[in-house]
Structures are given as structure tokens and as C-alpha cells.
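A single chain, nothing else alongside it, follows as C-alpha cells in the form predicted alone.
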Amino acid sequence: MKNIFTIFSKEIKDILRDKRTLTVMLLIPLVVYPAIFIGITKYMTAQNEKAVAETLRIGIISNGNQSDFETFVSTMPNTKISAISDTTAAKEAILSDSIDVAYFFPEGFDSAVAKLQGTGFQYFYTSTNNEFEVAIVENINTVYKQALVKKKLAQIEVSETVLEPAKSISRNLASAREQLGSVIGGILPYFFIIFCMIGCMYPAIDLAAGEKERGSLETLLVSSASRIEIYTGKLMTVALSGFLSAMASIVGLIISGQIIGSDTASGDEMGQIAKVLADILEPGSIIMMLVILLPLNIFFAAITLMLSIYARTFKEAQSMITPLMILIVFPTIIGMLPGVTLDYTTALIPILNVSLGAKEIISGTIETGPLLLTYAALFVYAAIALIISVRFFNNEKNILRG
């Protein structure tokens, strides 16, 4: 045991001297991750505020049938109306960004509406317009058509309920945490899993293939420590690095929630998101996520260390381990898809079960049975990876390859 901790402390010191490993393991999940999350949140908030304050430039083609619509739209806030001669001029004005949308009401539009005859109007815009402007235009069209219907029903003295004899009233029983968790619950586990893998990858490459290049691995092999003690000390170091990286991503998320919550009002939409985010990251949820990441972390550590031991050089180890990221990302993305949930089948699929388990832990909808099966499956896979990795390390041809 003494030899194991001696090797473990030696490897930890080597990692602490490696600025690249420390950057990937701690700086990115602890600083860059929150910075990206906060930046996106602030950008979305600024865009929403900009959309509310922005003036919609409306062009109306004058042909004697636009007066009703012009009166209607003039009462709407943040709108600027201008007259356009014809459709050609309207298209040119939109393409030159002089106006945002142009409306054309064909000849006989007013009389057709008055006689309850079928008719319609056209509006011109570009799909590359600001999405908020497009949404405002669609809302204007809907409200105007509703206003026409309401006016004609009043003229013929018919109640509006004739169009909707029964109203449907929705009662969403899902909590705010469940609703937000279903949206971000698939994204957050992606970062946890990726950082867990990255945190294992770089130390594993350096502690095996890197030592081969430096010639220090032979020194360990001829020391008083047994082969299994050397392997255990290195595995503990790699596993600790991956676990710290995953924890750093969780801490970064907590920091993000605190900053967002302090910068927004409690009644604001982003303030509500921050509040729900704080509920998601309660101690119980964090503990469950750490427990689900622990065996996955051991699995990653064993696999990456095994490949690094086999590699001749640092560069070869990178080329062998990097493709594993694709195998990890694919099931993680599947876990983001709607309709894919944690059950007794998906709980047996590695990586996917972590993604789905963390997703349901975040949303607060986790079921005990599938969660326990996920824990069991992950520990079994970690044990299998450890057995294979130890045998691989004990093979002289692998450890002295190159």
C-alpha cells in the first residue's frame, strides 16, 4: 500500500507541473464553461430586450384597399408605416433593408370582406430577417385576421362563441424543474461526460506513453514496487484527474447559476431559469450525479491507460485515444433525443445510461429501479475494463513495446 501511495503522489506532482493538463482538466470546465453559459444567457436576454424595443418598418402598397389594415396597424406599438407604389418597389425596398415587410391588398379586398366573400392579402419579407421581426409580422397577421372575423360577427349579430363553442384549458402538471430539465437535461450530461473523458485522457497519455518517451517508466519497473502497485498508483491518478474535471464542470455550472441569478430580477424569465437551475443543483442531485459518474470515470481511466501503455509514443497514444471521443459523443447525443428515456433496457447501454440517468436526475423524474440498474451496470463495466487493463499492463510485450 505504501508503494501505491508513493507512486500516486509522484504522478500527482507530475500532473501539477503540466500546465496543459491542468488547463484542460480544471481551467476549461471551471472558467470557460461558465463563461460560455453566462455569455449565451446574456446574449439571449439582450436580444429579447432589443426585439421588444425595435421598431418594425412596415410598407403598405397603396391601391385604395389598404385603409382598414393601415388603421389597424397604426395602433400597434413600435411600428413605422410608409407608403409603397407597387410590388416591384416593395421588393426592392425589402432587399435594400429600407423596410422589414410590405403588405399588398388586391383590388376588391374591402368589398369582399364586407360581403363575407373569400379573399386574401400578400406580404413580402426575407427569411433572413431577424427572427424576432418575423415573429412580430406573423403575430400582426394573426391578430388582424381575428379582428376582421370579430368585426363581421358583430355586424351580423352572431356571438364569437359560434367559432369556438368549447375552449380547451391546459393544465401542465410538470413542475418548472421538470420542464427546464427536459430542455437542458440532455445538454448538461454531455459536458459532464466529455470533461470526465478529457480529464482522464491527457494524464493517461502522459503517465504511460509519455514516460516511455522520457525513459522513466523503466525506472519504476525496476523499483521495489510490484507491477500491480505501479498500475494502481497510475490508475488512481488518472481516475482522480477525470473525476476532478467532471466535478469542476458541475462547480462551473453552479457558479453560472449564481451569477445569472444575481444579475436578473426574480420575476424575470432568466431569473426564473436561475432559480430552477439552483433547484436542479441541490445536494441530493449532485451526489447522485457524482455517484453515476464515478464508475464511468474508472471505466474511462482503465481504457485510456491501457491504450496509452500499448502506444510507443505520446503522439501515437493521442491518435489511438482521440477517436474514442466519437464513440462517447454518439450515445451521449442519442440521450438528448426526445422520447429516449432511462428504462431497464437503456440502463444496460454504456455511456447512454449515464446520459439518460443524469438527464432524469436533473429533471427530477428519475426512477429508483432503472437508476440502481444503471449503477450496477456501470460498476460491472468498470470492473471488466479494470481486469482487461491490468492483464494488459502485466504483459511484458505491451509495456515494453517500442
Partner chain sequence: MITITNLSKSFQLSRQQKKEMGNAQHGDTVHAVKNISLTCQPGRVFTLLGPNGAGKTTTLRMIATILKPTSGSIVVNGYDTVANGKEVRQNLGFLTGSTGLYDRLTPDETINYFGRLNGMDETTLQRRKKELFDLLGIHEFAHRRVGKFSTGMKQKVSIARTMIHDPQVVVFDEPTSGLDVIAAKSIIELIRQCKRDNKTVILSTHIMSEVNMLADDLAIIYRGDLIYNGLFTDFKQGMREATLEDEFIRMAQEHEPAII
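Numbering follows the first chain given and starts at 1. It should be emphasised that the depicted structure is a prediction, and the values quoted were computed from it without experimental measurement.
Absent from the display: the form predicted together with its partner chain. The rest refers to it.
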Touches its partner chain in the model of the complex: residue 120 (any heavy atom, 4.5 Å): no
In the model of the complex, residue 316 touching its partner chain (heavy atom, 4.5 Å): no
Its partner chain contact in the model of the complex: residue 223, any heavy atom under 4.5 Å: yes
Its partner chain contact in the model of the complex: residue 78, any heavy atom under 4.5 Å: no
Which of 142 to 150, 284 to 292, 203 to 211, 243 to 251 lines the interface with its partner chain in the model of the complex (heavy atom within 4.5 Å): 203 to 211
